[in-house]
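This document opens with one chain alone, in structure tokens, the form predicted alone.
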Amino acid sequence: MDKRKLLHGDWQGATSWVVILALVIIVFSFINPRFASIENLRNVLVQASVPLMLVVGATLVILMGSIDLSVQGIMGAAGMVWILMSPNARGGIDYGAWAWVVATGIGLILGLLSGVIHTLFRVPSFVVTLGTWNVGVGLATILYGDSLLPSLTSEALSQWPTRLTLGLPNSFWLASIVVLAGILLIGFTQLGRGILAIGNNEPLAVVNGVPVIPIKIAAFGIAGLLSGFAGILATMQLGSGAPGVGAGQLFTVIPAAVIAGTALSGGEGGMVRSALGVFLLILLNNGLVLAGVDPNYQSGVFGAILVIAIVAVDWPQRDRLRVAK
């Protein structure tokens, strides 16, 4: 597949979503001028950081025509391992950089485990990753225990995500690097092209010599690694360890990727559009809160706005859309 065509297609598909994001910002700024304040926009960037990291891994898996539901479990396990190896209220040894290595290693191992079971034993990805989710939650719960809350005692670590560098939060810079890496992986590596080939037509990919099993395992491994990384970042933002540190993230990440054009059937989509999908959901949620919408009605209003946004984006391309039943 031509690299330039692939990247152009990703950015071209993202154009409509950029317009939608601009409209969302304008509308909510009119409702509450505070929405467009620098302080709030920085807050949006911090809120988007974790799902942006997660959506890269999720997109890799979805592009193959698979699904990864293990996000929240891996986040909980990795986050708990990291905080217990970092300065925390329970004491213990501060392992410094090794805390990051071990925690993300847990994510990588769980991701690879999902990939191996899915490919070698031909178990549907949603079943395998649902099991991995529970394994991660179980590990996090055991480590959490029943003793003192494992809260961060290092202000440098707890404040790092929101600290500004060149005017933007550190957590957003980190997430941006991950998104950029995802774009480069899909557009400029054999792994990325293999992922797209599998999603487009797996039997044909096999016939053409694409190493399907190693590529699938690698994609799940990367997704697990990024979930572990996101679990660390979420734990830093929370300031304490919790088995449920990733609660709700799955229901942001998967819809964000799909509504922005990453097909669940695989082979179509890209990192740019998935990232824009994350921003749309985060902006909508933030805007509804500042607009004073009753929490009891936020879900309904959120869904209605989301449907309108999807129709507005897809309507110009309606003649080319194919309805699947």
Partner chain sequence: MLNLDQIAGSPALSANTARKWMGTAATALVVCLGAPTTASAQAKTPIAKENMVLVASVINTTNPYMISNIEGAKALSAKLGIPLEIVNSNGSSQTEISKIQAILAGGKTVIMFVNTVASSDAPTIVDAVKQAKGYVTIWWNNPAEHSPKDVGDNFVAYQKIPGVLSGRCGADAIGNALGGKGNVVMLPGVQDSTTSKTRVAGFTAQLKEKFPDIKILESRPSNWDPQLGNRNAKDLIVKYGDKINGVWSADDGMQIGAMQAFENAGLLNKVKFASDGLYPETLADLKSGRGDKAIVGETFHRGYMASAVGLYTAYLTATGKITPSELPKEKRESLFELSCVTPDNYQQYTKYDEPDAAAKFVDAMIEKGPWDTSPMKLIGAGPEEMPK
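Numbering follows the first chain given and starts at 1. Because the structure is a prediction, the values reported are computed rather than measured.
The discussion below concerns the form predicted together with its partner chain, not included here.
Peer 1: Should Asp94 be classed as touching its partner chain in the model of the complex when contacts are defined as heavy atoms within 4.5 Å?
Peer 2: Contact check for Asp94: no, nothing within 4.5 Å of its partner chain in the model of the complex.
Peer 1: Mark Gly292 yes when one of its heavy atoms lies within 4.5 Å of a heavy atom of its partner chain in the model of the complex, and no otherwise.
Peer 2: So Gly292 counts as contacting its partner chain.
Peer 1: Check whether Ser29 has any heavy atom within 4.5 Å of a heavy atom of its partner chain in the model of the complex, and answer yes or no.
Peer 2: Contact with its partner chain, no.
Peer 1: Decide whether Pro87 counts as a contact residue for its partner chain in the model of the complex under a heavy atom distance cut-off of 4.5 Å.
Peer 2: No, Pro87 sits far enough from its partner chain in the model of the complex that none of its heavy atoms falls within 4.5 Å.
Peer 1: Which is the contacting stretch out of 256 to 264, 66 to 74, 53 to 61, 40 to 48, given heavy atoms within 4.5 Å of its partner chain in the model of the complex?
Peer 2: Contact-bearing stretch, as computed: 40 to 48.
Peer 1: Kindly indicate whether Thr104, Ala219 and Leu225 are, all three, within 4.5 angstroms of its partner chain in the model of the complex, using heavy atoms.
Peer 2: Verified in the model of the complex; spot residues all out of contact, no.
Peer 1: Looking at Thr119, Ser151, Ser176, Asn170, which is the one with a non-hydrogen atom within 4.5 Å of its partner chain in the model of the complex?
Peer 2: The residue in contact is Ser151.
Peer 1: Taking its partner chain in the model of the complex, which residues of 220 to 241 have any heavy atom within 4.5 Å of it?
Peer 2: The stretch 220 to 241, when checked against its partner chain in the model of the complex, contributes Ala234, Gln237, Leu238, Gly239, Ser240 at the 4.5 Å heavy-atom cut-off.
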